[in-house]
Every structure is written in C-alpha cells, then in structure tokens.
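One chain follows as structure tokens, the form predicted alone.
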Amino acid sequence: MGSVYALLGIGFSLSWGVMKVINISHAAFGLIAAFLAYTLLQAWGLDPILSIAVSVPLLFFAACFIYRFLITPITQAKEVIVSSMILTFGIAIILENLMLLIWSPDPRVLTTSYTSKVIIVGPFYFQYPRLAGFLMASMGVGIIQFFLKLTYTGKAVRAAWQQPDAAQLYGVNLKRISMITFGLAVASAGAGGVCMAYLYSFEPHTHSLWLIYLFLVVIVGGVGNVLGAASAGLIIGVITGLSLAFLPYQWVNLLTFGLLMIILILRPQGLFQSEV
C-alpha cells in the first residue's frame, strides 16, 4: 500500500513542484489506467502488468496534449496554483463522467489466474496480487528516480524546478520540459492506478479518495521531492495498514489525518526537504 501511494504521489509532487500546477485530475488518470487494465484483462486476457505498456504511453501523450492546449494558457495567470486547481478539477469531473458512461458505476476487481495464490514465509502470508502491486510500484519509483538523476532530460527537469532562469540561460526549453514533466507525472499515475487496482476494488468516483492520500503524501514528503514522496508513501501505508489491523475502520482516517495535523504543526514544510 505504501509503495503504491509513493508512486502515485511522486507524479503529483512533480507537477506541483516543477510547474506550480496542482493537478486535481491526477488520481482520475490513474483510475482510467485501472479501468483499461480491467477491460484488457476481460476482453483479451491481458495481464494487468502488461497493460501498463498500453496505458502509460497513452496517458503520457494525452497529458502532453492537455498541457499544450489547456495547461499552458493558465501558466500565465497571476495565481497559477488556484487556476490549475480549478481547471484540473473540471478535467477530473469530465473523466469521472466518461468512466461512468463507459464502465458504469459498478465496482470492479482485477481477478487474475494468480489472485488466490500466496507465498508462505514462516508465519507470514504474501498474496501474489499485493506482491505484484508492490514490485511494480517500487520499480516505478526507481525508474523515475533514475530518470531524474541520471538522464539529461531528468536533470533539465530538476534544473527547471530549482533555478528556472539559470536553466533557460543554459539552453533548457522550459515549455518543453514542463510538458514532459506533466506527461511523466500523469504516466506515473497510470502505473500507480494499475498497482492500486491490485489492492482494492475501484469504481469511477474512487479517484476522490485516492486524491486525499496524494495530498497527504506530498505534504508529508515535501513538494517536488521524489524520495520524500516515496518515504512519505511508505510511512502512510504502514500507518494505515497497522491501523486497519488493530483499530475499527472508522478510526483509521481519524488517526492518519490526526498525525498529519501534528506534522503540519511541528514541521509545516514536511518531513523532508522540498526539492527534486
């Protein structure tokens, strides 16, 4: 659970940190990838892991198109954060209604040939779907970190976040880099959505619940901090998982967001330094 929150939160954190765009539709794009995985599994028997090869590129190019024609104009606004929230909230509503039209409001579950299989290690039982979600999410976090730290484009993304004016002087095309960052963020949401579908049932309005936890991950981990978001996702996942094991369900969110309030009081900038 924590690793999946981390993967979903990293993209949300990147678009917020690099472009000052709070993408309220981030989780909705992840949910679309989950529905695509479900459809491909039901129609052609394609494993959800393999469906990522379809959904991630599709979402990347869709996000680049959205950035070019919808996000770019609002980057000139006086209050980019507020404008981006309003715009992407509208996109989220549109996506939710499209999912309702295409897939109906019924809850869906990814049921594969290995859904009921487990690995037993001493007293512990590890379910195959949860292991698959964990491994995919961990790999996704590693790939994004590798991209940002060791590739030219990734370094340009970090430069655009840390020193945009200096980056332009060194030949970095900020508009192009921002579009790539937005595409990468939405693509990572797609991968995270498929991983989340391994853990829980989902329906068109599920993205609203995911979004709450994305804000939690970014606030705790620090805006624009990949490893911070990853660590925050793991922390929140562990807290939520342990709470579900020992407390009634209605107390879980109370405990989780109570801890968030304490963190904000003691360390408003998050547990980790806010940088890509």
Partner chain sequence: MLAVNDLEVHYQELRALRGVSLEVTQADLVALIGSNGAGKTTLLNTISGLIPAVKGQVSWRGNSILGFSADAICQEGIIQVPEGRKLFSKMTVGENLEMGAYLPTARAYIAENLQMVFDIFPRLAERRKQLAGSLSGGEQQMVAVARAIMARPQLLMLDEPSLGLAPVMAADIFQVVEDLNQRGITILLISQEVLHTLTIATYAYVLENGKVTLDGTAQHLLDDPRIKESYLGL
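Positions refer to the first chain, counted from 1. The model shown is predicted, which means the values in this text are computed figures rather than measured ones.
The same protein has a further form, the form predicted together with the partner chain, not shown here; the description that follows concerns it.
- A single residue from the set Ile102, Leu131, Ala166, Ile143 has any heavy atom within 4.5 angstroms of the partner chain in the predicted bound form; that residue is Ala166.
- In the predicted bound form, the partner chain lies within 4.5 Å of some heavy atom of Gln162.
- Using a 4.5 angstroms threshold between heavy atoms, Ala197 stays clear of the partner chain in the predicted bound form.
- In the predicted bound form, Gly171 approaches the partner chain with a heavy atom inside 4.5 Å.
- Although the partner is absent from this view, Ala156 contacts the partner chain in the predicted bound form, with a non-hydrogen atom inside 4.5 angstroms.
- Of the residues in 54 to 84, none comes within 4.5 Å of the partner chain in the predicted bound form through any heavy atom.
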